[in-house]
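Next up: just one chain, as structure tokens, the form predicted alone.
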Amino acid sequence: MLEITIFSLLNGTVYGLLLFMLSSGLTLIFSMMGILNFAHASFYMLGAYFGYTISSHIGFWPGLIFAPLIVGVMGALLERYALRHVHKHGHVAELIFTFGLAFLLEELTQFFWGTDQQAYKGPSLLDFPLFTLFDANFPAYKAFMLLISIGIFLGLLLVLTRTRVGLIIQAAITHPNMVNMLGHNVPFVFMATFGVGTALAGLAGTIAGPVMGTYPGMAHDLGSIVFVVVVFGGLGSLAGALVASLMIGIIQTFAVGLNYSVSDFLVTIGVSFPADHFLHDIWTMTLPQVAPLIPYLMLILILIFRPMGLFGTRET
């Protein structure tokens, strides 16, 4: 039991910080710019594929640098020449446009790279166990993922709260006309912010590809969860996104690791039901089976009891 607890905590933290890497970009785009970008996870997918392609030719580390930059430029151009014109028509138009864009990017990915999972491998420099506990190894690459995620959080927090650039971004969001009158190019600020947000998604994909797998459905697997993270943590709150990501990652990982069912709990308190009971399927449902539903149950609860999220200052 101790082994399951320790490794579920470690793996849950890694998964949670991966969610934060992906949701931090969406926090900038959705929470601060008010743009409903349902294609955000598609940039995560593109980051993994670009990272795989670059690493197969010139190595992992150049891919780690250039893949997020390419994705960020794509995001900035998307905002400048498409979303900027769609945004003025409201959230419904944004939703439809980005929803269609997500399908288009997935189809293009399958067209250029195929439908099979790609053999994207991490760097040989980090291909060793960081430590061994209970005859199980914890890879050094996962520790690298942890460090990158923490660095992103600290870097974004510092930029947004302690620098002139961060003050301009936040002011442009709330008072764009005033910022424009002060001589700042507000449309460029929005384009750059969107580009940075998509670059963070690309970075998450570049780093996660070797561990989580690089395949066309990877955007679909995490696409909806990142919105849960942003809403659960609170709109515009990086700290909220971090806490929400860790909560979801750790709780889901524990649910997968602990193979218990409702009937197991009922037996411990002396309650049992016959096999032909009409609720037999519910009693025998295990935690790993309900693990994918946990983020959405958490979302429902937070919207009922605290609609502004854990650290949010306005309702979603």
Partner chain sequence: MSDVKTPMLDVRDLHAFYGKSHILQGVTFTVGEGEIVSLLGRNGVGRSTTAHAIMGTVDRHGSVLFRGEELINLVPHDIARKGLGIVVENRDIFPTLTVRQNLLLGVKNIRKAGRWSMEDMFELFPNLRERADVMAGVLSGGEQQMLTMCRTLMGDPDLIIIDEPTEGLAPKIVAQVASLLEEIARRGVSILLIEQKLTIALKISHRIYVMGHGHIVFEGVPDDLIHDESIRREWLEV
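Note that this is a predicted model, so its numbers are computed, not measured. C-alpha atoms forming the largest set that superposes within 1.5 Å between two forms make up the rigid core. Positions refer to the first chain, counted from 1.
If you look for the form predicted in complex with its partner chain, you will not find it shown, but the lines that follow are about it.
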Stretch in contact, per heavy atom within 4.5 angstroms of its partner chain in the predicted complex, of 182 to 190, 208 to 216, 130 to 138, 147 to 155 = 182 to 190
Given that the partner is absent here, does Q117 sit within 4.5 Å of its partner chain in the predicted complex, heavy atoms only?
-> no
Using heavy atoms and a 4.5 Å limit, would one call H175 a contact residue for its partner chain in the predicted complex?
-> yes
Taking the shortest heavy atom distance, is A143 within 4.5 Å of its partner chain in the predicted complex?
-> no
Heavy atoms within 4.5 Å of its partner chain in the predicted complex: does L167 have any?
-> yes
Work out which of L77, A239, V159, A171 lies within 4.5 Å of its partner chain in the predicted complex, going by heavy atoms.
-> A171
Using a 4.5 Å cut-off on heavy atoms, what residues in 109 to 124 are near its partner chain in the predicted complex?
-> none
When the two forms are laid on each other by their rigid core, does P216 show a Cα shift of 2 Å or more between this form and the one not shown?
-> no
Rigid core superposed: G122 CA moves 2 Å or more between this form and the one not shown | no
